[in-house]
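Below sits a lone chain in structure tokens, taken as the form predicted on its own.
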Amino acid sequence: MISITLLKRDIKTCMKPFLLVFAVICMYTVIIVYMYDPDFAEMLEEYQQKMPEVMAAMGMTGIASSLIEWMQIYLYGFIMMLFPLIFIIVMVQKLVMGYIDSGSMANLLATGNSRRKIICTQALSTVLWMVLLMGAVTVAGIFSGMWLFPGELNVERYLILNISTLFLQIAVAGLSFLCACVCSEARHYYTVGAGLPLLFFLMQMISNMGEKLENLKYFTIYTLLPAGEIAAGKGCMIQNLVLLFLAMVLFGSGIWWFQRRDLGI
């Protein structure tokens, strides 16, 4: 049960940040694919040796023997994690927190739509925007790979990698969505709804540096994306199921809380 009118309004609300984030990710994707060359590989391996901690923190470690492994190393440790996260924070603020913080939620309820209908629409819109973002990025990656290096990209593994990344980003979006449904002010949302995902992301970066800090990977949601294993052709079914279950719990909890909270209307 959703509001089609509100869903259409969400398109105008989120189109600009979507296009901006997509443009940045698309640019990096094309550049990384273009750099798939033995000379660049040697140069980046030298960076790994000279700045091991910095490169490890950004997830850019390892030696690529194929285009899919190259993309996984230099895109999915940092770029494909950070920029979708920025989009999630902005999007959830616009779709949920903005209405609550400004008091505009009263206007939505005055249209005759129930709380459940409104929040379910915004939850669906959040998921659809993430699907659209990852879908557009996937198309850009396949096109650039086939254009610059015909026959080099393992499309099947690339699709699996991006589907798993999508599940991760939806779970992260669910966390921000839940925080937006709980918080009453934007400053609280940015502290928790943006702060927690950013903290998880930083913990993942720190854990990549290894040694004693490696145990931090057990406390962040980003560990559930086995990008390296997927690029190598290994399975990821368990991690994907966990991410989907987590996403359903987070979005479901957000919807449940929103229906029962005091909106101060």
Partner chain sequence: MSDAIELQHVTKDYGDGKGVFDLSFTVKEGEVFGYLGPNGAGKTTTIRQLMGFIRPQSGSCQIFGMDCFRQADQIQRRNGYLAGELTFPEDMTGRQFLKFMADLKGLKKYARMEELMERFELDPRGKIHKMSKGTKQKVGIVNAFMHEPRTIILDEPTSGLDPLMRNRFVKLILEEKKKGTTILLCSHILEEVQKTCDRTAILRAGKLVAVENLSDKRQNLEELFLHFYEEEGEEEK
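Numbering follows the first chain given and starts at 1. Bear in mind that the values here come from a model prediction, so they are computed numbers and not experimental data.
Heads up, the form predicted together with the partner chain isn't pictured, but that's what we're talking about next.
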Next item on the list: Consider G112 of the chain shown here, and say whether it contacts the partner chain in the predicted bound form, taking contact as heavy atoms within 4.5 Å.
Entry: yes
Note to self: Taking the partner chain as it sits in the predicted bound form, is I79 in contact with it (heavy atom to heavy atom, 4.5 Å or less)?
What the structure shows: no
Margin query: Taking any heavy atom pair closer than or equal to 4.5 Å as contact, tell me whether L75 reaches the partner chain in the predicted bound form.
Written below: no
Next item on the list: Check whether A106 has any heavy atom within 4.5 Å of a heavy atom of the partner chain in the predicted bound form, and answer yes or no.
Entry: yes
Checklist line | Members of 81-102 lying within 4.5 angstroms of the partner chain, judged by heavy atom, in the predicted bound form | finding: S102
